[in-house]
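The data below hold one chain only, encoded as structure tokens and taken in the form predicted alone.
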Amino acid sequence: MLILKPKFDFEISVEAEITPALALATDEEISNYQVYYGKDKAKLSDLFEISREGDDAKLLLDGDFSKVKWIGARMDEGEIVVKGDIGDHCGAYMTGGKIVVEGNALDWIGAEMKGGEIEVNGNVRNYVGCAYWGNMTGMTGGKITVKGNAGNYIGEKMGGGEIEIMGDTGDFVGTEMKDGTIVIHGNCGFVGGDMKGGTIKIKGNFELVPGFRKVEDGFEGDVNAGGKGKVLQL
């Protein structure tokens, strides 16, 4: 297991596309691994205290990583545990493995992910499991679980997989959704705009966009987009 701890409070963003595969590298390779501190390149050892425990493919990130972006991007196996908050793009494009965030997460968590599992014990901001701007499809596989609340645009353009939010969310849940499942245990704002497929299940209060019709087990739409997505009450 590779353990990273920030050496100081970051004043600007760090871009560090780190996966559990780094734990299998040599000490020298880890120390010299290139990241960005703002616009400048830096070695991993310039920014983080580095230590090891065992030789398994696991990362333990100890401290405030809220300004560290792209952690777990494109990971395909292993495990990452964040003992604090995490920055933007955590788990983006991932295909396997598991990420556990014990604190809060910022934007774009699990964006366009294809597999694996992400758990956030705190709150998340916007764009959970979404497509990046200009792309047609968001997450297509895997599962994202948020034990707190979430912001806006949850599952936008989602093409598969599952998102489960235990608390409340904002507006535009499942916008342009194609497939997959979103489960909201709390309240949310508008859901299902331009939805074409998939299922959204909501336990609390919500508002449908106008293009949904009542069916036997819930609502179907967005008919304005030729959609047959389902919005159901838990």
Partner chain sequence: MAEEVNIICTFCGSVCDDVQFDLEKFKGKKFCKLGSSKFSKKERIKAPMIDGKEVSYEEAIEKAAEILVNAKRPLLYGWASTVNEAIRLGVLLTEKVRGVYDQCASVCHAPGTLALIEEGVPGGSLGEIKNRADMVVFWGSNPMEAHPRHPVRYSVRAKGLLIKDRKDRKVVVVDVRKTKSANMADLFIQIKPGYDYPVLSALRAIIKGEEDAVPEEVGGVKKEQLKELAEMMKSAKYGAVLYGLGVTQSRGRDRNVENAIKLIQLLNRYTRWIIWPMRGHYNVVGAGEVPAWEAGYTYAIDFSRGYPRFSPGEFSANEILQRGDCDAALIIASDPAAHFPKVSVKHLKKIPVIQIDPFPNMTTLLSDVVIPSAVAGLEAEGTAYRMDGIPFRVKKIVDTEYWSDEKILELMLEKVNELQR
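Numbering follows the first chain given and starts at 1. Note that the structure is a prediction, hence the values are computed from the model and not measured.
A second form of this protein, the form predicted together with its partner chain, is not displayed here; the remarks below concern that form.
Q: Does the 4.5 Å heavy atom contact test between Arg125 and its partner chain in the predicted complex come out positive?
A: Because a heavy atom of Arg125 falls inside 4.5 Å of its partner chain in the predicted complex, the answer is yes.
Q: Flag Gly218 as yes or no: does it have a non-hydrogen atom within 4.5 angstroms of any non-hydrogen atom of its partner chain in the predicted complex?
A: Outside the cut-off, so no.
Q: With the partner left out of view, is Asp62 within 4.5 angstroms of its partner chain in the predicted complex by any non-hydrogen atom?
A: Contact check for Asp62: no, nothing within 4.5 Å of its partner chain in the predicted complex.
Q: Contact with its partner chain in the predicted complex for Asp40, defined as at least one heavy atom pair within 4.5 Å: yes or no?
A: Because a heavy atom of Asp40 falls inside 4.5 Å of its partner chain in the predicted complex, the answer is yes.
Q: Between Asp56, Asp27, Glu49, Glu207, only one gets a heavy atom within 4.5 angstroms of its partner chain in the predicted complex; which residue is that?
A: Selected residue: Glu207.
Q: Where, among 159 to 167, 137 to 145, 84 to 92, 113 to 121, do residues come within 4.5 Å of its partner chain in the predicted complex by heavy atom distance?
A: In the other structure, the partner sits against 84 to 92.
Q: So which residues in 179 to 214, when you check its partner chain in the predicted complex, have a heavy atom no farther than 4.5 Å from it?
A: The stretch touches the partner through Gly189, Phe190, Gly193, Asp194, Glu207, Val209, Pro210, Gly211, Phe212, Arg213.
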